[in-house]
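This document starts with one chain, in the form predicted alone, laid out as structure tokens.
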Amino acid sequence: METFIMGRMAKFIINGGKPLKGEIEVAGAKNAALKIFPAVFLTKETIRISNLPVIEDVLRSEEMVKVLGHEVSRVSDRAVEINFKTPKCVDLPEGLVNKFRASVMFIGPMLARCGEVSFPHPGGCVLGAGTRPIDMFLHGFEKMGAKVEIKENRYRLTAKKLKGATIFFHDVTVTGTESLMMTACLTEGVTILKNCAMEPEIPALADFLNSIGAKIEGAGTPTIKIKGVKKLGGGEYRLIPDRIEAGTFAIMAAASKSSDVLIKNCEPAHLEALWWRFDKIGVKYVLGKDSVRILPTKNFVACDVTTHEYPGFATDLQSPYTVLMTQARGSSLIHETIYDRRLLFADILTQMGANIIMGDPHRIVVNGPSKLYGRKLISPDIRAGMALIIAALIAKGRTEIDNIYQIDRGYEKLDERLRKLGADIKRLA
């Protein structure tokens, strides 16, 4: 695989106002990739993962698997094979755990396989009040029979034998659902998970686990039943397309009032909440079996949005949608219900000329259309960073975006792909 990791000092330079036209392919789902790497600890057989996106978080996941003792072989740029070795360590390394939030997904499989795991609080994007809590993970592991200790800024979980349990999530949690679903595969007895998340990545993961011997029912619904088995086998997991990337590219094309952009290798059925809003505001598009074409739309109107768990409007699309609303006629209320601090990036858009009123940490009002102007900016997180790129593409003048490590965590070779659409964007190390 080509190494394209850039240091934290890397930045994007974007000259806005260039019309976008052409085709762009969607990569494999980041949020699916980050859950399959931990799953390899549930089996002693070979696992092949294909359609992998070439992004920072995936490379950190590969690194974690290697550090914990497994063998990772590169089959192609987008595929790896992972072979079981005796895990040599139950202590997740702080240097890696602090780099990406998805490191939390290794806890359950390691606990199920080794009976013990130790780790610091997972890092990644700082969203929500303070650090993002892991209480629902810990509560679930305790219900399965694990002992949880916290000392010297680390968690330590131990369990002689995990047992099936009925676990209710007091809030819908994607990673919590996936983590406990994976862990329950090797527990003794039956586990029932209630108030589960229903994102497409969850049934995709369950289908793969079932293909290698797990017994999971109901994935993709609020209640999931898992009957524990003694062992799992090997197989191949081909990642589904990244619905967030597909939706983001669609919003980008609409916001920039592009000539004609075809988004390929996607699953349009995963984005019905977005298409409903496009219908409402007047964005022209055509859905294909595995593609969406965004047609030229000179004017569109404002429409409120409230983020919600799937199949509602995804919080990861809220930041790009906010940029879209700066170009719409009228006022729109953006209500972020998932992450407390995700709307703070709106202050950066006001620096570019957007007319945005902050109501409270959860609500903003966007008044449009506004002419945006290039500025020197810093990317605060993955999704806001991508939203700033969209803003820069439609802004007048030159925009410099720093801290693009955060953007590289979620989007593969973004500058190269956008240049093929006609964008004037370059990366400076």
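Only a predicted model underlies this, so the values are computations on that prediction, with no experimental measurement involved. One-based numbering along the sequence shown.
Although not depicted, the form predicted together with a small molecule is the subject of the following passage.
- Screening Y155, Y285, Y339, F208 for any heavy atom within 4.5 Å of the small molecule in the predicted complex leaves a single hit, Y339.
- With the partner omitted here, the residue from T175, S118, T187, Q327 that has a non-hydrogen atom within 4.5 angstroms of the small molecule in the predicted complex is T175.
- Taking non-hydrogen atoms only, E199 approaches the small molecule to within 4.5 angstroms in the predicted complex.
- Shown alone here, T315 lies within 4.5 Å of the small molecule in the predicted complex, counting heavy atoms only.
- At the 4.5 Å threshold, heavy atoms of D77 stay clear of the small molecule in the predicted complex, well away from it.
- Proximity of I47 to the small molecule in the predicted complex falls outside the 4.5 Å heavy atom cutoff.
- In short, of 23 to 31, 395 to 403, 64 to 72, 48 to 56 it is 23 to 31 that has heavy atoms within 4.5 Å of the small molecule in the predicted complex.
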